[in-house]
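Next up is one chain by itself, shown in structure tokens, the form predicted on its own.
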Amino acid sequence: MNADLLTQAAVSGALIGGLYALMSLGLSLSWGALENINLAHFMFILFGAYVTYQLTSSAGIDPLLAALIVVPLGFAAGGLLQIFFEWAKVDEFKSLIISFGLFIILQSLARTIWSADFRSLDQSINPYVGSSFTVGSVSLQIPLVIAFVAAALIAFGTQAVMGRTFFGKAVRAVVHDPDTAQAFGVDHRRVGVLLAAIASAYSALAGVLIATFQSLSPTMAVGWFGIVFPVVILGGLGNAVGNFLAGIIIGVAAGVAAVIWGPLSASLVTFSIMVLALLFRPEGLFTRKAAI
């Protein structure tokens, strides 16, 4: 086996693992802190990608600048959905069923608006597609480097906010004892809505980054289930840095496995890691000290 090929696979896997982490962080925060298994996050990612595609192809703006519109839209959508969950008194199981229904509805809406055909940004308006630079014998795709850096900054920044700010302390108080938190003046509904909005904004940003280098299809969101859930489970619910590290592990393992045993083995390795984590470390591989 060519050592350079394995190195390339591992490095590329680590970079795309950063994107996996960003895709997973919204669901991880929602599930860990709000006890909502919110499958709508997959559609926030998809619509983030499609709206980026639409803004760039129609207005000719830089795809990354589309985040200035897409991320606030994701923030608002997530907050409104959490307001509905609060109003309807949706529990963990109901959130799974309701958000799955919403997933199907939004997927159908995406198919109606953009059709089932693959769509991608042309290189004439997307300076990132196909762009790369080389370090030694390793080629680094610029969109993946951007995604990795963004994921690292957001993961460590989120962990710092949760551990050192009043908002983070309020979130932890609501998670552990909402009644006591309410007695001390913490509005658990407002905290929940704000956290859900932030989590959805993260998902929308992941969609922006996906649009810079991938073709888009309404059905691609289904394939993300096999990426996001293993990362969330491996990293630990609500553990932002754990999710970042788990994304890298999944990305590297899948990339190396694809080179050694073929592309079809990537999913097998990913789910094997998830099963082993559930059996031996159901709370996640990484310490929960800094988690929610």
Partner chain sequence: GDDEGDAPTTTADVPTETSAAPSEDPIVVGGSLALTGFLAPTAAIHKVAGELFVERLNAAGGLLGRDVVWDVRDDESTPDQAAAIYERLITEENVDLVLGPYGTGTITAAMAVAEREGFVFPHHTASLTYAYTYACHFPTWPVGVDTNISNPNIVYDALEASGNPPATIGFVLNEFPGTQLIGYGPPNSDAGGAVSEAKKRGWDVVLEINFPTATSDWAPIASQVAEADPDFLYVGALGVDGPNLLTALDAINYTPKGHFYQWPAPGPLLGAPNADGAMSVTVFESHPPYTDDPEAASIVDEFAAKAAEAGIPYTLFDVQAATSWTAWQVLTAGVAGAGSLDQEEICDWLLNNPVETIIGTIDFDPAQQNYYGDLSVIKQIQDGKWVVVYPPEKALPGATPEL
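Positions refer to the first chain, counted from 1. Quick caveat, the model's predicted, so the values are computed rather than measured.
Not on display, but discussed next: the form predicted together with the partner chain.
So if I measure heavy atom distances to the partner chain in the model of the complex, which of the stretches 213-221, 69-77, 199-207, 149-157 falls within 4.5 Å?
Stretch with heavy atoms near the partner: 213-221.
Only one of 55, 259, 33, 245 has a non-hydrogen atom within 4.5 angstroms of the partner chain in the model of the complex; which is it?
Only one listed residue qualifies here, and that residue is 259.
Although the partner isn't part of this model, could you tell me whether residue 193 comes within 4.5 Å of the partner chain in the model of the complex, counting any heavy atom of the residue?
No, residue 193 stays farther than 4.5 Å from the partner chain in the model of the complex.
With a 4.5 Å heavy atom cut-off, would you call residue 16 a contact of the partner chain in the model of the complex?
Close contact exists here: in the model of the complex, residue 16 approaches the partner chain to within 4.5 Å, heavy atoms only.
Can residue 60 be called a contact residue for the partner chain in the model of the complex at 4.5 Å between heavy atoms?
Although the partner chain is absent here, residue 60 would stay clear of it in the model of the complex, with no heavy atoms inside 4.5 Å.
Might residue 227 be said to contact the partner chain in the model of the complex, defining contact as any heavy atom within 4.5 Å?
The answer is yes: residue 227 has a heavy atom within 4.5 Å of the partner chain.
Members of 101-119 lying within 4.5 angstroms of the partner chain, judged by heavy atom, in the model of the complex:
Stretch hits, in order: 111, 114, 115, 116, 117, 118, 119.
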